[in-house]
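Listed next as structure tokens is one chain, alone, in the form predicted on its own.
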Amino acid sequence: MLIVKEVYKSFDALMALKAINLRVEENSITGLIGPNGSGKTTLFNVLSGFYSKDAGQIFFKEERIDGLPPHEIAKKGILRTFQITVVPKRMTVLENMLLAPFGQVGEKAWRVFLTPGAIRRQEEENIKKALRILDDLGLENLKDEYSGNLSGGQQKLLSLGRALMADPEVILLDEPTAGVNPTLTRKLLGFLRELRERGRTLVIVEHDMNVISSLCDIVYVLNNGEVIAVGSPEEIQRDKRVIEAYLGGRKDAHS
């Protein structure tokens, strides 16, 4: 579904990504791990169009998407969340969710006057959809709360909810469990598994190897902008380079 071929990205003299090759299968959960500064978020920024690559190719469903702006990539079906979440703080949780769907009828001023019924029906459908997603994320009881009053972890869940409102085929999740309390984390992990079962494809940057092991079908390990290992979570945790460089010599450590 998503293929990265020989992608490079530099910032002045710093080579952030070096000949990155990555393949994401449909209906899979792919993990991306590595120490801080290894290039994980930079790769997400390139995949989602926030950074332009220096060289290489990126394909989504056999179509080149490198060079497209973020909104065009999002419309094609690839959405992402961010490690540091920013939400409109003076809007409620539900209002945040209703910002996200593409192609809302009411976005065109003339339709407000000519098709009020269609606008109302679509809004009702979007509200129902938003409430279902908020319930899945454990946020339904906060639907009328200002988003600025949410904890950092709850804002991160809201960011995922907004992405789901746009019905993406691929979701890039940048440290989705960071700052999320253990109870919500368990619910979130179950929800991510359900998303895969419903046909979504996920790519996850994560430091917690327990999360990676419990979720991912395949894991890519980055170091200094290069992929140094690829395999199942079990294979990755047995890889000597990974254990020594990222897991501190302990298989149960966090990178």
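Residue numbers here begin at 1 and follow the sequence given. Because the structure is predicted, anything quoted here is derived from the model rather than measured.
Omitted here: the form predicted in complex with a small molecule. The next part is about that form.
Taking non-hydrogen atoms only, G31 never approaches the small molecule to within 4.5 angstroms in the predicted bound form. The small molecule is not drawn, but in the predicted bound form it has a heavy atom within 4.5 Å of S38. Contact between E175 and the small molecule in the predicted bound form is found at the 4.5 Å heavy atom cutoff. Contact between R200 and the small molecule in the predicted bound form is not found at the 4.5 Å heavy atom cutoff. Only one segment in the set 210-218, 56-64, 39-47, 183-191 has any non-hydrogen atom within 4.5 angstroms of the small molecule in the predicted bound form, and it is 39-47.
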